[in-house]
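Here we start with a single chain on its own, the form predicted alone, put down as structure tokens.
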């Protein structure tokens, strides 16, 4: 132990403080991008989230749970987006008595515009090398996993939690993973945080996949 170990605040706390500062910039970015489309950040988040869930739509409760907001907040944002013609309410295909929320063609146009916006946070991340960005993505995924296990966020459609994901099965440092859905290898830089083709792995298979992914390539005997 060095004198600095006794003087320094815990490393995790300093990381949290640093991420808080980055989040401040990201929130400002979100306001700017959303306002250009005549929305607020929550409305933009709801619209983008529903657009990524396919043509069947989603119930209000599911939207609120997945976005981590109160149901009244989700309801208000959905109502505003319906009035703007960006969302519509339809009968839930699984229960005709329930209502599902679906994106309209105009809503898809707005989502495409939101996706094209380049923010200051994204520009800052682009200053990192591709290897650094890939490493950071892996650390973000592991942090999301820990938050899921703690019940702080709902399950996410991560590659690593998908039944089609195979970690470190290829003897290629650049593309070591495999997606059984498309039957193709891919690299850490390709890992998705929200894959529309995601199918949740069974608990036992999921735990095994996470253990392999967490250990990484260094400890693994590679196979082809």
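The structure presented is a predicted model; accordingly, all values stated were derived computationally and were not measured. Residue numbers count along the first chain shown, from 1.
FYI, the form predicted together with the DNA isn't displayed, but the following is about it.
Peer 1: Heavy atoms within 4.5 Å of the DNA in the predicted complex: does residue 84 have any?
Peer 2: Residue 84: contacts the DNA in the predicted complex.
Peer 1: Any chance residue 40 has a heavy atom within 4.5 Å of the DNA in the predicted complex?
Peer 2: Judged by the heavy-atom cut-off of 4.5 Å, residue 40 is in contact with the DNA in the predicted complex.
Peer 1: Are any of the heavy atoms in residue 123 no more than 4.5 Å from a heavy atom of the DNA in the predicted complex?
Peer 2: No, residue 123 stays farther than 4.5 Å from the DNA in the predicted complex.
Peer 1: Can any non-hydrogen atom of residue 72 be found within 4.5 angstroms of the DNA in the predicted complex?
Peer 2: Residue 72 belongs to the contact set for the DNA.
Peer 1: Though the DNA is not shown, can you say which of 199, 194, 171, 35 has a heavy atom within 4.5 Å of it in the predicted complex?
Peer 2: Of the candidates 199, 194, 171, 35, 35 is the one lying within 4.5 Å of the DNA in the predicted complex.
Peer 1: Looking at 171-179, 184-192, 62-70, 154-162, which one sits within 4.5 Å of the DNA in the predicted complex if you count heavy atoms only?
Peer 2: Correct option: 62-70.
Peer 1: Scan 81-119 and note down the residues that get a heavy atom within 4.5 Å of the DNA in the predicted complex; none is a fine answer too.
Peer 2: Stretch hits, in order: 83, 84, 89, 95, 96, 97, 98, 99.
Peer 1: Classify the change in Cα distance between residue 94 and residue 198 in the predicted complex as closer or farther, relative to the shown form (magnitude of 3 Å or more).
Peer 2: Relative to this form, farther apart in the predicted complex.
Peer 1: By 3 Å or more, the Cα spacing of residue 94 and residue 195 differs in the predicted complex; is it closer or farther than in this view?
Peer 2: It is farther: the C-alpha separation of residue 94 and residue 195 rises by at least 3 Å in the predicted complex.
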